[in-house]
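A lone chain, given as structure tokens: the form predicted alone.
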């Protein structure tokens, strides 16, 4: 009697990489923290705000809290009926049959909450008496705006800067690196020299110089400039992978089969060259968040009234007794940048064969 054993199925590269990544418990915690920040950014209007998440007004349902994402998403009927952004006071006055579901914390990231705006609720404190309390969990700034609300809504800007700027950088880096590595010769020489020139440009100085020429700079200008200067590392890694992979047998077979050059580049080579690129993308997101926070600290970040962690840190310079303006946003920047760096290191260890063998 013979026993038949089924052949073991080998795991693919990405499955093996994910398994090795999960072994790094610190990186897993960092990934969970980044996911938590993403949820905070998405649901920020439901966490802190003075606009109802959903309300019934004059027989119709509205979602005023979407106005925190984009002002035009706030229904014009509330402007027409002269709510002046104060829903808790005006909803029962203008429609006694109205109802609303409110955010977890009744505080606004853009303005001070007035006295009795919410029933029996005092106004937000000002000055040195604006420390953390049951009403204002992280305290308020000198003008009386709630710090917790500004930090929650500032999460959107922090993550948006990281992902949008590195999305731009990744697109540019992959295209330039792929063309340079695949064609080689004079094409490679020109693109490599161009990469070296961009590599010498200091991002922070370039942003400050361009902002001095723009009449009304916005956070989108910051994202574009960071993305236009952060692609060099991605390009170099992509070029190196293309120089290696294009010598493979399956690429030669694709050429012999008459497959077009763009298809060979983007269908056959690029998917196999992405693993090393993930690491600089992760580190780049952390660097972009740090750059935006630095710009906001210097007064060149997201223009008012947009909330930003760096702007909160900057406001602490005028009054050193307001320690909560330093501790909470500083801790948020530190933990976010640290998390992305930990994820990047774990990805590097999981994708690099030499580091993987050393970690066994």
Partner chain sequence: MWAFVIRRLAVGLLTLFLITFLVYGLIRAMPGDPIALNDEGDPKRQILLEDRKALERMYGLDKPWYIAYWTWAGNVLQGELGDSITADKRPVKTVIGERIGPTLVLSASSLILAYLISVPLGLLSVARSGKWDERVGSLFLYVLYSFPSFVAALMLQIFVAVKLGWFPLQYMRSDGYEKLSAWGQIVDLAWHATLPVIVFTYGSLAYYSRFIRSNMEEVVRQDYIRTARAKGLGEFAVIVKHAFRNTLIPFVTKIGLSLPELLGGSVIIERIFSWPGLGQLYLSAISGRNYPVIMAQTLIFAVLTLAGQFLADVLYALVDPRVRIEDSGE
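Everything numeric in this text was worked out from a predicted model, so none of it was measured. Numbering follows the first chain given and starts at 1.
Another form, the form predicted in complex with the partner chain, is not on view; read the next lines as being about it.
Proximity of 54, 99 and 119 to the partner chain in the predicted complex is absent: no residue of the three has a non-hydrogen atom within 4.5 angstroms. Contact with the partner chain in the predicted complex, defined as a heavy atom within 4.5 Å, holds for exactly one of 199, 112, 259, 126, namely 199. Out of the listed residues 322, 41, 27, 47, 322 is the one that sits within 4.5 Å of the partner chain in the predicted complex by at least one heavy atom.
Of the candidate stretches 267-275, 209-217, 138-146, 80-88, only 209-217 has residues whose heavy atoms lie within 4.5 Å of the partner chain in the predicted complex.
Among residues of the shown chain, residue 205 is one whose heavy atoms approach the partner chain to within 4.5 Å in the predicted complex.
Although the partner is absent here, residue 182 lies well away from the partner chain in the predicted complex, with no heavy atom inside 4.5 Å. Using a 4.5 angstroms limit between non-hydrogen atoms, residue 22 is distant from the partner chain in the predicted complex. Contact check for residue 342: a non-hydrogen atom falls within 4.5 Å of the partner chain in the predicted complex.
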